[in-house]
Ligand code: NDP
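First comes one chain, alone, set out as C-alpha cells in the form predicted alone.
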Amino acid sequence: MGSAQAHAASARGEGPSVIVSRNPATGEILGEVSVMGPVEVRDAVQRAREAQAAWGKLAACERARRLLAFRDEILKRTNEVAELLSKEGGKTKLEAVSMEILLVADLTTYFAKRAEKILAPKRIPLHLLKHKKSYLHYTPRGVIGIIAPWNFPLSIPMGDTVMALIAGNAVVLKPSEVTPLIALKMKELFDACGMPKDLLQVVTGRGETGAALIDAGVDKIVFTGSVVTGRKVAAACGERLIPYTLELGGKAPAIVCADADLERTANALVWGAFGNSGQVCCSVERVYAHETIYDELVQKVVAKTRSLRQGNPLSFDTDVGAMAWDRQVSIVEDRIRTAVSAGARALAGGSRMEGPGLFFPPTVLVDVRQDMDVMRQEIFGPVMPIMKVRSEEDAIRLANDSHLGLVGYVFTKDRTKGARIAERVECGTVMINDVLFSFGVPETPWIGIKQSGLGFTHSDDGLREMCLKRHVNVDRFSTARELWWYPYSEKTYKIVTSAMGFLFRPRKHA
C-alpha cells in the first residue's frame, strides 16, 4: 500500500491488516474484518481440501439434498440477509430480495433437483469400432476458489458456490473488500444448517488476498470483476495451469427499433439502467434509438427517470438507493463531466447529490456521440446515454463497436425481426423486449465474449464445468489381440487399406 493509500485508509479507520465496512448511505460503521495473508489463505485451502475428500464421495443427490437445507436457512432469514445487503451495498431491500436472495434460492432448487441427471455419465456413440463403447463421467475438481465482486455480493458468489458444492467440490470464497460482511453472513448460515464446517471457507482481504488464493493450490478459479484485474487473474492462473472462468463486465447496448412499444421500452430502459444504481454488469449502458421515435422515447425516459424516488435503501418508498463504493462514484462523475464538456446534455440528474451518503441521481444524457467515453467505456453507475440513429443497420454497427460483449438488448414489436437483429449483435446474451433478468435464469449460460470474459457459468454445462470431465473406453467383448497390434505384417497392411477403401470410398457425383 502506497503512502497516499495508507493515509486514506487510516482516515477511514482502516489499516493494512483491517478492513472497515461502512453503510454507503449513511457512513455508519457496520463492522470490520481482518486482511488475511498467504499463510492464512493456504491454511483455509487445506482445510477445505480435507473436508472435500468426504463430501466428494457423496452421491450427487445427497449433496443436493443437503444444499437445499442451506437454501432453506437463507429463506428463513430473508429479512435479516436483505437488511444487511441494503446496509452494506446500498441497494433497496426489494432489490436485495429480488436480485440476490431469490436468484440463489431458485438456482439452488434448480440444480438440486437436476444434479443427479446432469452429472450422470454420458455415453459417446462410436461411429466405428462397434465392439467398444465410450462414456464421459464427471468427478469433482477439488477446491474451487471464487473471487467475488461488490455489486452483487450474494447472488454472484453464492450461485457459483452452490454449483461448485453440488458438483462435489469445496469452496474458498474471497469477497470484495467493499462488501465482506455478507460473505461472512453466508458462512454463518452455511454452518447453521449442518453443512460440513470446513467445506466453505471465507478469506477476507484486498487484491493481495485474491492473489494468495490463486497461489494456494486451488483447482479452479472463478473471478468476476474488471477487465484489468481479470487479465492479471488469467496470467496468474495460466502460469500455474489452473483452469479459470472470467466474467469481466459489459457495455450493454440497447437497440430501439422504429416499431418498438415505447411505453414498455421506456420502462425497461429505466429499470435496466438504474436498477441497483446502475452497478450491474449487464446494465443498459448505451441506447441507440431510431430517429423516428427518438424524441418520444427520450421524453418518456426522462419523465420516468425524474419520477424515481431516491433515498434510504431500507425504506419501501425508495426506488434507487446509494452507490456502494466512493471510487465508483468518482468514475461516474468523470464520465459525465467529460461527456458534457464534449457537448452532451443531462436531461435528468447529472451531478452527485449534496449531503451525506454515496447517492448519485439517475442520469439521462443526450447529444452523445460514439467516440465519447460514456459510449465506449463501462460506466457502472446510474447513467443512460441515448443516441439517435438513422437505421437499424447503423444501430447494429454501433452496438458492435465495442471491446466488450456481455449482454445486448433489442426492442421491436416484430419478434422475428428482433431475433434476426439479436443474432447479429456481438454479445454472449441478447434479450428481446426485456432487460437484466437473464442472469437469474439458471438454465441458460452466462457468457461473455470479446473482453467481457472467458468461459461461462450457469446452465447444465456450467455445472459440468465445475467437474473434471473424464473419458472411459471399454471393450464390449475381447479377443486375443487387436488387428493393429504387434506383430505387423503385409497381410494386416492389405486388410487395413482394403477397409479404408470400403469405408471412405469416393462419392459418385451426379
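Bear in mind the structure is a predicted one, so any value in this text is a computation, not a measurement. The first residue of the sequence shown is number 1, and the count goes up from there.
Heads up, the form predicted together with the ligand isn't pictured, but that's what we're talking about next.
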Inset, instruction - Work out which of the listed stretches, 305 to 313, 291 to 299, 112 to 120, 207 to 215, brings a heavy atom within 4.5 angstroms of the ligand in the predicted complex. - result: 207 to 215
Legend entry - in the predicted complex, the one of Ser176, Ser86, Thr429, Thr108 near the ligand [non-hydrogen atom within 4.5 angstroms]: Ser176
Legend entry - The single option of Gly250, Gly408, Pro382, Pro385 touching the ligand in the predicted complex, heavy atom within 4.5 Å: Gly250
Legend entry - Heavy atom of each of Ile147, Asn151 and Thr229 within 4.5 Å of the ligand in the predicted complex: yes
Inset, instruction - Give a yes or no for Val233: in the predicted complex, does one of its heavy atoms lie within 4.5 Å of a heavy atom belonging to the ligand? - result: yes
Inset, instruction - State yes or no: in the predicted complex, is some non-hydrogen atom of Pro140 no more than 4.5 angstroms from a non-hydrogen atom of the ligand? - result: no
Legend entry - Exercise: Gln201 in contact with the ligand in the predicted complex, heavy atom 4.5 Å: no
Inset, instruction - Determine whether any heavy atom of Thr363 comes within 4.5 Å of a heavy atom of the ligand in the predicted complex, and answer yes or no. - result: no
